[in-house]
Structure formats: C-alpha cells, structure tokens
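Take a look at this single chain, the form predicted alone, given in structure tokens.
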Amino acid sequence: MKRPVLVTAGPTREKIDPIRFISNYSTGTFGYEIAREAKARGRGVILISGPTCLEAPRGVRRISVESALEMKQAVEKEFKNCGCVIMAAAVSDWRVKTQVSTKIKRRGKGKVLELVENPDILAGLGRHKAGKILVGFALETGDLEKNAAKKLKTKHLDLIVANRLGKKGRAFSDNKTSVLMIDKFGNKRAINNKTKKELAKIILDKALSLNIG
C-alpha cells in the first residue's frame, strides 16, 4: 500500500498579545485543492492547515495548527509515515520574541516589536528526506527563476512551484495564476493562467512522475 501524501496549507499566525497577531493573506485554497486531488487519486492524505475558512475535503485527515512552531511539530510527527510532502502553506518567517498575556494598550507613543526567525520547516525536512519526495513553493517579487532554483537546491527539494506577486499586490487570492515548476534534474515548465484546481492536478502529475513512495 502506498504511503500517504502530506500537504500543508494556509497561513500561520504569530501572536503578539491575546488580540493581535502577525500573519499573511494566504487563503489555503491551493493546499486544499492539492489535498482534494490526491485523495481523488486514491491516496491517503494528511492535511496540516493553518487558520482558514475552508472545509477539509471528504476523507482527508486534517490537523489544525496556528503558529509556525505548531506546524513544525505536526509536520515532523507525520513526516516519517508519508511518501510525499507538499509544503503549500505560507508559514511565517518571523514571530514576536516576547508575547504578552494581556492586551497591549495605546500609550500615545510608538511600539517596537522585536522579532525572531521561526525554524525553516522545509529546509529541516530536506536534510532528512530518506527517499521521500519533497515539494516546496516560492512566492517572489523578482528574479523568479533564479530565486526558485536557489531554494530548490539549498533546501534539497525534488520540485519547486514558484510564482510572482499578483496584480495590484495580490499574492494569494487570484482565481487564476501562472507558475514556474523546476524539478531536481533542472527541468523547467512555465504554466500560465490556470486555476488552482487545474494546477493541483499538474503538480501531482509531476510529483508522481518523480516516483512518490
């Protein structure tokens, strides 16, 4: 029996205080479509999701997380039993160094937040792949191919899916998008003006061609 596919999706939230947090505009749609397509192909699917308004596809096991550290813990727990990991989540690179337990009040002056880097989940997985297929995503504002190729190499990925910031600054909510796929052999494919549902099929086709366990 083929091992499950692990998909991450959505944003993470890094708390500042009980009311406020740092996050991004990810809707989770891409990851959920990939999970849905993998399930439709008869694969077992584990979906580790940050906060979204989406319902998990039928038959998919969803694990809900909030912060980057929670996602790291969940991914590492499930990783060993999976044949393929598709990291479509938009994980925050930064978190507040010190969270406070009560709401920060207005003081009539500026407030400085000290940030620290979150662990690089994808790079950590890449160092311990053990025969698994690892797929990453990259959102860029420039030098798309160069930055994507660098990420593919430095994080020991098998496939990277890269796209540019959308029209009018939209990064996640466009109905259709264009991406560049690069695999570990250096093969490149530009895919233009496709829905995320259509792209989910193309990405899984490519991943399957790389011999998912």
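Residue numbers run from 1 along the displayed sequence. Bear in mind that the values here come from a model prediction, so they are computed numbers and not experimental data.
The following text describes the form predicted together with a small molecule, which does not appear among the structures shown.
**OP:** Tell me the stretch among 106-114, 76-84, 91-99, 126-134 that has any heavy atom within 4.5 angstroms of the small molecule in the predicted complex.
**Re:** Within 4.5 Å of the partner lies stretch 91-99.
Original post:
Check Leu122, Ala138 and Lys155: does every one of them have a heavy atom within 4.5 Å of the small molecule in the predicted complex?
Top reply: Yes, all three are in contact.
Original post:
Quick one: does Lys184 come within 4.5 Å of the small molecule in the predicted complex, counting heavy atoms only?
Top reply: Close contact is absent here: in the predicted complex, Lys184 is far from the small molecule, nothing within 4.5 Å, heavy atoms only.
**OP:** Examine Lys151 and determine whether its closest non-hydrogen atom to the small molecule in the predicted complex is within 4.5 angstroms.
**Re:** Heavy-atom contact with the small molecule at 4.5 Å: present for Lys151.
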